[in-house]
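Single chain ahead, by itself, as structure tokens, in the form predicted alone.
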């Protein structure tokens, strides 16, 4: 990398860290249990708003994988979700009524908590509708994958965001507090993903899936990004740049390829397309706190009744299926 570019990226990273520190004063602790975090714990970080119905299954799912402690920022929820989390012995919760957009869509809050509590830990940064899938997960806990990544000298683990959807209308895909989203929205697009390299940060930019196919068919270049780097061996000087799509330092973004083969990577099953989306889209269009004036939610609202399923849709069957399709990779982890 040219010295001038490296210098600018270093300044950008420092600016992200300073922003995170400044925005940390917007967070008020509701349940502060970080003293219970043990040295080897895998930590999960998430920003939520009105996700109470999702939280019981979300916690159960990641507890089974081996997450040791959860750190949540609740952004002005009205559904009791923050109180539910505050009652969980393995959760720490902060609340804020500050603007989500002004906090860089919550990433300033996440960068602060990651820097303060995540340094030295493997950290997962996900949304409440995202579920990590990785090779051999049915027989090996997440800690085994993290141990292998440590031994291989890898500091970050990439994941493709895979949108799940039902065969019928979204109104029929009803989530309950402990309902696995795969049981109500079991289909996904197995192909037609496009990727390019982001010149500034070096990460792959991936688009495709049902949102590009249906909601952004007229402007496919505006479809949401599907590249994520959710699992990171965190250090205090790291910073997420754009959601979890990219990180600084820049080298953390090279999570897919290496000399002599490919790196291991997983997927995030994305359970957005369920009965909750209509109400969520209407709320976010009123708030205008999401990226590009909630352009994504406007697209959902315009085509809420249009089915996502087609005869080419694939029913989800597990990590081996994704591995066979080339959507995730075991890399050198056998």
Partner chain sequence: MAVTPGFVMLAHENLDRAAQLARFLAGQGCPVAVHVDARVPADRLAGMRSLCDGRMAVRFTRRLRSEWGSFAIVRATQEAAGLLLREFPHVSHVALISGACLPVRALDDLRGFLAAHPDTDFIESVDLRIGAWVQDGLSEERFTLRFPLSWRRHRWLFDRWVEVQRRLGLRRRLPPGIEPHLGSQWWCLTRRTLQAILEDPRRREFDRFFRWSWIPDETYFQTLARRHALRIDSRSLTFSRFDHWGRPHLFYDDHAELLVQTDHFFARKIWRGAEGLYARFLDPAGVAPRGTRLEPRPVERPFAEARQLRCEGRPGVLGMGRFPCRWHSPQQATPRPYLVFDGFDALLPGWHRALGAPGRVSHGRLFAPDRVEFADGAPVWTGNLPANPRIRDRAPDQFLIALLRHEDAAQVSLQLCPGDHPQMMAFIARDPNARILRLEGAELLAAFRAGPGPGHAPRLAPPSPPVTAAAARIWHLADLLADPAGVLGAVLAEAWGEAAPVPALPLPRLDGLADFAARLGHADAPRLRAAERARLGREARDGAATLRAVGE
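This is a predicted model, so every value here is computed, not measured. Positions refer to the first chain, counted from 1.
Just so you know, the form predicted in complex with the partner chain exists too; it's not on screen, but the next bit is about it.
Note on the partner interface in the model of the complex: the residue among 174, 225, 152, 98 having a heavy atom within 4.5 angstroms of the partner chain is 152. Of the heavy atoms in residue 119, none are within 4.5 Å of the partner chain in the model of the complex.
Interface residue remark: residue 220 is counted as part of the site for the partner chain in the model of the complex, having a heavy atom within 4.5 Å. Shown alone here, residue 186 lies farther than 4.5 Å from the partner chain in the model of the complex, counting heavy atoms only.
Taking the partner from elsewhere, residue 15 is found to have every heavy atom lying beyond 4.5 Å of the partner chain in the model of the complex. Each of 140, 256 and 332 places at least one heavy atom within 4.5 Å of the partner chain in the model of the complex.
Checking 198-206, 234-242, 89-97, 71-79 against the partner chain in the model of the complex, the stretch whose residues place heavy atoms within 4.5 Å of it is 198-206. Shown without its partner, the chain has 139, 140, 141, 143, 144, 147, 148, 151, 152, 158, 159, 160, 165 in segment 137-169 as residues with a non-hydrogen atom within 4.5 angstroms of the partner chain in the model of the complex.
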